[in-house]
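In the block that follows, a single chain appears as structure tokens, in the form predicted on its own.
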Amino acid sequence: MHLTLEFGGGLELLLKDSVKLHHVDVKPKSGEDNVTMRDLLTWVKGNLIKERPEMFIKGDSVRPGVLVLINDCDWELCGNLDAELEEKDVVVFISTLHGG
């Protein structure tokens, strides 16, 4: 499944090459047809994050203070971890926590 992932608010600094925009291909789990946000977070942790995953992931979800949008819609309205992604979806992760 081809997805566009965007990282902002400093989260891009945790990724390989510190690039904000990523065009990725995420395969569904064996025996499943769809990719959920839970699957995507596992994929991001294993394939994109280069350091300090605890700044992005807490347990099996994103850390509090990370805003997640699926096609410009708050993921809480889409089903959070159980939200099913579709081909060419755009998922944005923005950290709302900043030093002062």
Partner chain sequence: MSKYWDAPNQLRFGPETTHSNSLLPANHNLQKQILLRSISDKVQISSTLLPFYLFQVPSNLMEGVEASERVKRTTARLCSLCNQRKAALRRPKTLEQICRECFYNVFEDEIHRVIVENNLFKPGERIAIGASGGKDSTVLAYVLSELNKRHNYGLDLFLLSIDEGITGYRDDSLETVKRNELQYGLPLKIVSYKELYGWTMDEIVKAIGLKNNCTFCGVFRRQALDRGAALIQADKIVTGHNADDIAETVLLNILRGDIARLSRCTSITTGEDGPIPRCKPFKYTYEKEIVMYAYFKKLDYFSTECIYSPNAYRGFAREFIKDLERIRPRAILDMIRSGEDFRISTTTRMPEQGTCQRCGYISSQKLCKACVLLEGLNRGLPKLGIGRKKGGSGEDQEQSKRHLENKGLSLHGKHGNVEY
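Numbering follows the first chain given and starts at 1. Keep in mind that what you see is a predicted model, and the values were worked out from it rather than measured.
One more form of this protein, predicted together with its partner chain, exists but is not displayed; see below.
Although its partner chain is omitted here, in the predicted bound form all of 61, 77 and 84 have a heavy atom within 4.5 Å of it. Contact annotation: residue 13 falls within 4.5 Å of its partner chain in the predicted bound form, judged by heavy atom distances. For the chain shown alone, residue 33 is not a contact residue for its partner chain in the predicted bound form, no non-hydrogen atom being within 4.5 angstroms. Using a 4.5 angstroms limit between non-hydrogen atoms, residue 67 touches its partner chain in the predicted bound form. In the predicted bound form, its partner chain sits within 4.5 Å of a heavy atom belonging to residue 52.
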